[in-house]
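Okay, here we've got a single chain as structure tokens, the form predicted on its own, with questions on binding and movement later.
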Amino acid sequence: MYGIEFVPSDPVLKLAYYTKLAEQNGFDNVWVTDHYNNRDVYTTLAMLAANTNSIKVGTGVTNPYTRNVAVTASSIAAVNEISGGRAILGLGPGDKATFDAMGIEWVKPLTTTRETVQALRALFSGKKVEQKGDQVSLAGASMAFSAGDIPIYLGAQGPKMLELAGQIADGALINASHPKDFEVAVKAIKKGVESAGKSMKDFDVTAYACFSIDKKPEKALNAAKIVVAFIAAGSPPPVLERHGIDPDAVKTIGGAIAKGDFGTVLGTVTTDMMDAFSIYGTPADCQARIDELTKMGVTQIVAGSPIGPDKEKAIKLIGKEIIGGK
């Protein structure tokens, strides 16, 4: 399967155009990010659904902190109805810095995520939900219309969240682009899947990748550099160690990002960082990495930001050379 990620920092009608183009080029899913400073994710998904026929539309990802779980259930259920049953709910614990800026306390992400999924499943089933959780409680809430069967994916990075995804979700959205990361991730997911008595055949392991494609490799590389810099700066020491990346170089990047010194940022990004944190280059380069990931157990590739130096050309190129080239 192939997905594509859009950030609603662009006007929604522009994203609707790109999504229709993605659908025409064989993409299976479109994932839209959820941050308070961009356009609302559910309004955006409703517009994308209204402008398409077959592509699945999902939050990539929302979180359990900014909305009450019953409101999230109502919002994604409305999108599911508008789209004729094409909605997916991607859910993750989110980014502490974002919540700090919003004045929201970020507590017990694992427990909060687990209890949110439990409540969502119950709400989707049409039951009156009585749940007294450590973090998420409902006292008789229920949906007044049919939610439908909405798959739930967890945005997961660490081993505990990946294991939880295996236990309770239909898939995992993993911000990674390299086989080494999926070697670790798939083991954790498998542990969760097996503990729940399920099969990996029914679980979608998704590489939510920094992706940049162009017929000219240099153009693809340059377009992805800034995204890779942010990924490197936010990567924990075990990930840097796994890829043999110098932590001092990453510190330099982090400091330069904080100062807005993007010349230093771009100049410090190495080939090793590009290889570790992105799928980039010509269609053949990108296909080679996709093949490596598929061998590791990845079942969906999401072309995440920047997609390419020219989004429209990149969507068509992926459709023709990668999705259609199989």
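Predicted, not measured: the structure shown is a model, and the values here were computed from it. Numbering starts at 1 and follows the sequence shown.
What comes next is about the form predicted together with a small molecule, which does not appear here.
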item	value
Val61 within 4.5 Å of the small molecule in the predicted bound form, heavy atoms	yes
Asn175 within 4.5 Å of the small molecule in the predicted bound form, heavy atoms	yes
Any non-hydrogen atom of Gly158 within 4.5 angstroms of the small molecule in the predicted bound form	yes
Any non-hydrogen atom of Lys56 within 4.5 angstroms of the small molecule in the predicted bound form	no
Contact residue in the predicted bound form, chosen from Lys127, Lys108, Lys191, Arg242 - any heavy atom within 4.5 Å of the small molecule	Lys108
Residue (of Gln287, Gln300, Thr33, Thr52) lying close to the small molecule in the predicted bound form, criterion heavy atoms within 4.5 Å	Thr33
Which of 224 to 232, 143 to 151, 77 to 85, 93 to 101 sits within 4.5 Å of the small molecule in the predicted bound form, heavy atom basis	93 to 101
